[in-house]
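So this first bit is one chain, no partners, the form predicted on its own, shown in structure tokens.
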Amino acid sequence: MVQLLFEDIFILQRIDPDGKKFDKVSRIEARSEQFDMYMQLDINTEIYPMRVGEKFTMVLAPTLNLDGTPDTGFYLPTNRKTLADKFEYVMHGKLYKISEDSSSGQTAKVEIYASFGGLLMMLKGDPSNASNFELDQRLFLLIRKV
């Protein structure tokens, strides 16, 4: 069984808050329901359009293999079922920064930064939700609308 690093349902709050910078990519801002995490994510809206107010499940996983075996780093086309079969949008990337943000008052927040081939993600929230993450960790981001 795959050990997920993070899973929650998010509500999309804003699209391109700083203005549209690229034709096919938008930066979304969303907040999670269960863990109250804030996320900024660059997403290819040409192939996966999203609208403000939509709910979606977002998962971060270290592998797509359902048995939990580590990712080899190579794509091998097979007929095996993977975690990606349960989702509509999948990206592979690397966690490049973990930092603490204490500017939000008395409660410290952790910020997790990942890059998916240049499409960036920032996940911000309670440090207890970041215990499974390591610097330079390779991960998969999977999204499915609910």
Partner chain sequence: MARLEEKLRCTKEPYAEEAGSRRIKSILFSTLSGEEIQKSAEVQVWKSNIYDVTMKPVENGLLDQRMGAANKAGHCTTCHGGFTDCPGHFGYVKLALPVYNIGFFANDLDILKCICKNCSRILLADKARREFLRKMRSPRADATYKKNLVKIIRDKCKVACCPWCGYINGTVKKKAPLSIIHDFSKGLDTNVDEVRKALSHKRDKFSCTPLPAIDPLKILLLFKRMPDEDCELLNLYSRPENLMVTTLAVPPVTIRPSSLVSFSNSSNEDSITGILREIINTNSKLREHLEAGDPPYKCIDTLWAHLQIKVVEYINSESPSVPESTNRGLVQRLKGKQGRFRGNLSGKRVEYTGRTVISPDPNLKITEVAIPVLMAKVLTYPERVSNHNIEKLRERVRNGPTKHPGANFITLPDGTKLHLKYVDRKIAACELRPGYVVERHLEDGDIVLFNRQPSLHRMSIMSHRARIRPWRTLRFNESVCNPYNADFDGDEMNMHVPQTEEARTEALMLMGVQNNLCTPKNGDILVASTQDFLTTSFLITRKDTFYDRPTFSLLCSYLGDAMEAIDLPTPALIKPIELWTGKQVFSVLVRPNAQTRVFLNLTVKEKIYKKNETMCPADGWVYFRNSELISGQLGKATLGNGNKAGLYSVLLRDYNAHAAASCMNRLAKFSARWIGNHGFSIGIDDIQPGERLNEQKSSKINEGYKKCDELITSYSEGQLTLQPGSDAAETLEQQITNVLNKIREGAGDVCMAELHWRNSPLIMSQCGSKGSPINISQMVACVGQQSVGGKRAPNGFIDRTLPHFPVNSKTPAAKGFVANSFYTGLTPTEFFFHTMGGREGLVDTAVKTAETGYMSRRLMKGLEDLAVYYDQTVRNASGGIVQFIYGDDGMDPAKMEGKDGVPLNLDQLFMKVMATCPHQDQGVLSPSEILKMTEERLSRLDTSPEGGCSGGFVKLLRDFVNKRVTLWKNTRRSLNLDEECLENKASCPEERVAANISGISAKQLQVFLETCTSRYQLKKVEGGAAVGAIGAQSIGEPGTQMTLKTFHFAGVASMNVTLGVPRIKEIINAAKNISTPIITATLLSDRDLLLARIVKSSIEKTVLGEVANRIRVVVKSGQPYVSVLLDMERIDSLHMKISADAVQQSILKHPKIKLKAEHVRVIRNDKLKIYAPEVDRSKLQYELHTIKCMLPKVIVKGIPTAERVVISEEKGVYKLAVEGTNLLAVMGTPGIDGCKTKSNHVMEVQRTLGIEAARQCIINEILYTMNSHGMSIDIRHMMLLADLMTYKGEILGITRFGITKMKDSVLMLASFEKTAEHLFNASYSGREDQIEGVSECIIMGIPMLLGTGMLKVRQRLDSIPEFKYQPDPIIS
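Remember, it's a predicted structure, so these values are computed and weren't measured experimentally. Numbering follows the first chain given and starts at 1.
What comes next is about the form predicted in complex with its partner chain, which is not displayed.
Contact check for K24, L64 and F116: all three have a heavy atom within 4.5 Å of its partner chain in the predicted complex. Its partner chain in the predicted complex is not approached by Q34, whose heavy atoms all lie more than 4.5 angstroms from it. Not displayed here, its partner chain is approached by E88 to within 4.5 Å at the level of heavy atoms in the predicted complex.
Remark: L12 does not count among the residues lining its partner chain in the predicted complex, judged by a heavy atom distance of 4.5 Å or less.
When its partner chain is considered in the predicted complex, L120 lines it closely, a heavy atom lying within 4.5 Å. Annotation for 78 to 100: interface residues with its partner chain in the predicted complex are A84, D85, F87, E88, Y89, V90, M91, H92, K94, Y96, K97, I98, S99, E100 [heavy atom within 4.5 Å].
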